[in-house]
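For reference, the chain that follows is the form predicted on its own, supplied as structure tokens.
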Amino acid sequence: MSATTLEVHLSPEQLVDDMRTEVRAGLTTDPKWLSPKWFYDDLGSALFEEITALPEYYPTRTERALLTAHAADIARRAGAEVLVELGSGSSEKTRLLLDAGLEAGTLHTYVPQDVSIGALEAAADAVARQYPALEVRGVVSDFTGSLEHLPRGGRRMIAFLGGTLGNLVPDERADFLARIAAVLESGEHLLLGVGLVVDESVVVPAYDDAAGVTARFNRNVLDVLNHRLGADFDSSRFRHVALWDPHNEWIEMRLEATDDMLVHIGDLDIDVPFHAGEQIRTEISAKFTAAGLAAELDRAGFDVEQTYTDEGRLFALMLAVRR
């Protein structure tokens, strides 16, 4: 088994403190909102894995197919000695990049980053067992605020897959991409996996499946708040809503109150009123055009080296190099 280390820059206590701050801000404003980062307790993670296998949910299987087809070319172009993955989760798809990097003879270190100590430990150990030649250095942190903790040394490629970039609004994306550029050296690479702008009839069902799995996933965030912050949401009194915003070119997931209610959040010592039909925005998932994202990367200090898309132009892998 290869060497495995774990650097912890975000404790469970800090994560709950962040949740308190964000939930107070999001539920005491109009319109109300919650961050999608709070979806992922054990049940939320399991439901998301179920979502990725649904017939309507094309992003995961399309990205995996692109990685299968093009990982070798990505490894050749980037020549990465160190692969850093932001929001690594189970590191499932990443194995395609690890295989390609090892086959190319350049890769020697894998750095998975995630907010969950437990999930990161499990993923890092699994990768270390499967790839004994790799050094595995896990980093527990929030990728939106702690890029400075990523290790330096060796030619790096940062991978940010799964369309997660789309969870950030444009100003947040600009700041995030600029901070990635700030931690990379000239000639190092960034690999993004992003959903492309497609017809509403394709994208909406991906976030509102016929089996109702996404609805369960969305409502589960209220149960997370009940468990972690002592709230008393009745998630059955909220309806899952998914809609396409053509102006912003993103899908929004919302939870809509089915009747008037007052929710108490014990840890925050606040009461949050809802009227029937009032909504909480729980996620945006922006979709991109290749030209539009290339322009955003250019402003951050990157040049696009290669864009890989599927035949239906549903998804893209974009390999960019730091100027």
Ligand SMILES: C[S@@+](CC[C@H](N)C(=O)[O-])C[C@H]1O[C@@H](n2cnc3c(N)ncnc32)[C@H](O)[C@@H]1O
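Predicted, not measured: the structure shown is a model, and the values here were computed from it. Numbers follow the displayed sequence, beginning with 1.
A second form of this protein, the form predicted together with the named molecule, is not displayed here; the remarks below concern that form.
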| property | result |
| --- | --- |
| Which of 87 to 95, 237 to 245, 180 to 188, 121 to 129 lines the interface with the named molecule in the predicted complex (heavy atom within 4.5 Å) | 87 to 95 |
| Any non-hydrogen atom of Gly162 within 4.5 angstroms of the named molecule in the predicted complex | yes |
| 4.5 angstroms heavy atom contact with the named molecule in the predicted complex for Thr144 | yes |
| Contact of Tyr40 with the named molecule in the predicted complex (heavy atom, 4.5 Å) | yes |
| Contact label in the predicted complex: Asn218 to the named molecule, heavy atom within 4.5 Å | no |
| Partner-contacting position among Leu102, Leu150, Val115, Leu229 - heavy atom within 4.5 Å of the named molecule in the predicted complex | Val115 |
